[in-house]
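The chain below stands alone and is given as structure tokens, in the form predicted on its own.
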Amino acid sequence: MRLILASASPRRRDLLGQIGVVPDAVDPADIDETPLKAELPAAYAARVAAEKGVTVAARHPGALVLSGDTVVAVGRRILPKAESEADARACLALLSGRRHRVLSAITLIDGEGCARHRLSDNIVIFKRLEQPEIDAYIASDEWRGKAGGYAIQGRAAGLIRTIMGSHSAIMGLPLYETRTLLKAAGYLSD
């Protein structure tokens, strides 16, 4: 059984390796990830993960396709993937001293086209960030392309006071849920 990872994220490949899984191919979906009007963060993450999976499964008939999406949310607000320094600064200022959610959705589509979905809902609380801390983090460039403008696996870990939930999900792939889906599809055994 071939496993296709519908993501260009090296972080997701590394996380899969932690549970002994090496995808046979990597094929990013490249879909429009614009949130729908009034779309809530959990629904958005689930929809985008599913759409990525369907898009890639159409290109790999008979293969297992694993896709995912990770969203940082403050209340009903979905934070962007920071593409500019201004985006990252705005995200960090908003997250400073606050509790926020990191929602990591995954979809696994089997060779017959049956899709299974899981959502990992996690809480992260940053310390109150001082301007020199924000400046130093921006200078690190770790924020680039990251949901909410930070990467927990890097320097931001030293700015996070509390996490409740799955560390791997906050990084971008909930390993417990991923392993469960791969076992249910017959890809992994005990």
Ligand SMILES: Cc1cn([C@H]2C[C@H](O)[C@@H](COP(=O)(O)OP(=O)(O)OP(=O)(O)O)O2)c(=O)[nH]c1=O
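Given the structure is predicted, the values throughout are model-derived calculations rather than measurements. Residues carry their position along the shown sequence, with the first being 1.
The next section is about a form of this same protein that is not shown, the form predicted in complex with the named molecule.
The closest non-hydrogen atom of A151 lies within 4.5 Å of the named molecule in the predicted bound form. The named molecule is not shown here, and in the predicted bound form it never comes within 4.5 Å of any heavy atom of M1. Residue contact check for R11: one or more of its heavy atoms lie within 4.5 Å of the named molecule in the predicted bound form. Although the partner is absent here, A147 is a contact residue: one of its heavy atoms lies within 4.5 angstroms of the named molecule in the predicted bound form. Remark: all three candidate residues (A6, D69 and I170) come within 4.5 Å of the named molecule in the predicted bound form, counting heavy atoms only. For the candidate set E39, D121, E133, E33, a heavy atom within 4.5 Å of the named molecule in the predicted bound form is found for exactly one residue, namely E33. Within 4.5 angstroms of the named molecule in the predicted bound form, the stretch 40-62 places a non-hydrogen atom from K52 alone.
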